[in-house]
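Only one chain is shown below, in structure tokens, and it's the form predicted on its own.
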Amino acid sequence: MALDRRSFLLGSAGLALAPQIAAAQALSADTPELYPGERALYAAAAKEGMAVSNNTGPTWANWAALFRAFGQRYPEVTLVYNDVGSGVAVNALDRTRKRPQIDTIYYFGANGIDAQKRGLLAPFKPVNFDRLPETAKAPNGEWFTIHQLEVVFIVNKKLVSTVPTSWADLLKPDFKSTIVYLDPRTAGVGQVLTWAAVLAHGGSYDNLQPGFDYLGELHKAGNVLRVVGTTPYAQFVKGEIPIWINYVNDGLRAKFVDGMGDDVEVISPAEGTVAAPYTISLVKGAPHPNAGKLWLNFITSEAGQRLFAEGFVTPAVPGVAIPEAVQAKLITHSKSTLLDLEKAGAQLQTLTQGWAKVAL
């Protein structure tokens, strides 16, 4: 399925549905509800006192804005979060499955399918669940998509004299020891990057070898500076990374929000890229189930989805209004393929093991 992110967002903007509700307004007896039953769920969540949101790093996908808005609306529920990487998050939950310490878990969609197969998730259908496409959710709500992100090249032009525009360009000697990306064994974005390399070089869900061959060549050329375990956003903004293969929202944030301006170029590779659905789940045996549901409902509400859009992240719920200021800053993709979660999930072990053989 080909999808142009800018067109998708512009189309969504034209379908804006409900009037905007000030999510930052603390919920009280006189405050309009974001959805029917919100006040009763908040009362139950307040008795639990906290929600533990696993793998939602504050520098990732505009989560910090959602944390702030949630805290303002529900001051009697403390939100606790961390950032560990999709693969690490699922393995850690599996180890503690008899007594989980987290309420919700967020990850690249293929890892969500993996977590469901391991029996780690509870069914829950949040607000706007029915508006999600069938391919964007498990039928009973063990996982559901909340946004999508595309892989791009984020280039610091102060450190690189020539801006690469294609996967082929990255193989050139000009880019020796310049490229940083995340490890597919620990982070979903590393898996998505590998899928982008596979599909851009003629591979398929059944034939990953073209992508492995490309990445192997990239490493042998000495162009990969390092592979990291968690997002190096702060290091990029500090000017420590010449080229970061990562999601588009971080590049736009560095360029337009965090002061790097024209020093940053955000490039969608000419051969094509992929868009990755990211999902979230209620954990089976969660210690604070009502607080977890309150958090999940907020994320999938129009207020929560709009906060993703404000951080250059494509919302999953159709029809969410996109601010004009955001629309004007989005980039276009010559070709972007929305990953099939079932097919990508079925190849999770093949992908991580194949990558390790050529990259380590």
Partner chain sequence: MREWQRVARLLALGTPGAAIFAVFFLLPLVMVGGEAFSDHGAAFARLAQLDLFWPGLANSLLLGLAAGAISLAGGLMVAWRLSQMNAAARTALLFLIALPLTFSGLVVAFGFILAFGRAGFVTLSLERLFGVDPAWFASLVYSPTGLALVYSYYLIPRVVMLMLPVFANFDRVQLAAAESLGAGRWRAIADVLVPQVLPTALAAFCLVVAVAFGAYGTALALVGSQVNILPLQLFTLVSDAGTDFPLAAALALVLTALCTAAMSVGEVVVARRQETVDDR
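Predicted model only: the values in this text are computed from it and were never measured. Positions refer to the first chain, counted from 1.
Heads up, the form predicted in complex with the partner chain isn't pictured, but that's what we're talking about next.
Of the listed positions (Gly239, Pro75, Gly202, Gly216), a single one reaches within 4.5 angstroms of the partner chain by any non-hydrogen atom in the model of the complex, namely Gly239.
Taking a 4.5 Å heavy atom cutoff to the partner chain in the model of the complex, the contact residue among Asn223, Asn249, Thr145, Thr186 is Thr186. Taken together, the three residues Ala51, Leu79 and Thr273 all stay farther than 4.5 Å from the partner chain in the model of the complex, as judged by their closest heavy atom. Taking the partner from elsewhere, Gly71 is found to have every heavy atom lying beyond 4.5 Å of the partner chain in the model of the complex. The partner chain in the model of the complex is not approached by Ala136, whose heavy atoms all lie more than 4.5 angstroms from it. For the chain shown alone, Pro269 is not a contact residue for the partner chain in the model of the complex, no non-hydrogen atom being within 4.5 angstroms. Of the heavy atoms in Thr352, some are within 4.5 Å of the partner chain in the model of the complex. Contact with the partner chain, judged by heavy atoms within 4.5 Å in the model of the complex, is confined among 282-290, 240-248, 202-210, 257-265 to 240-248. Contact residues in stretch 223-237 (any heavy atom within 4.5 Å of the partner chain, taken in the model of the complex) are Leu225, Arg226, Val227, Val228, Gly229, Thr230, Ala234, Gln235.
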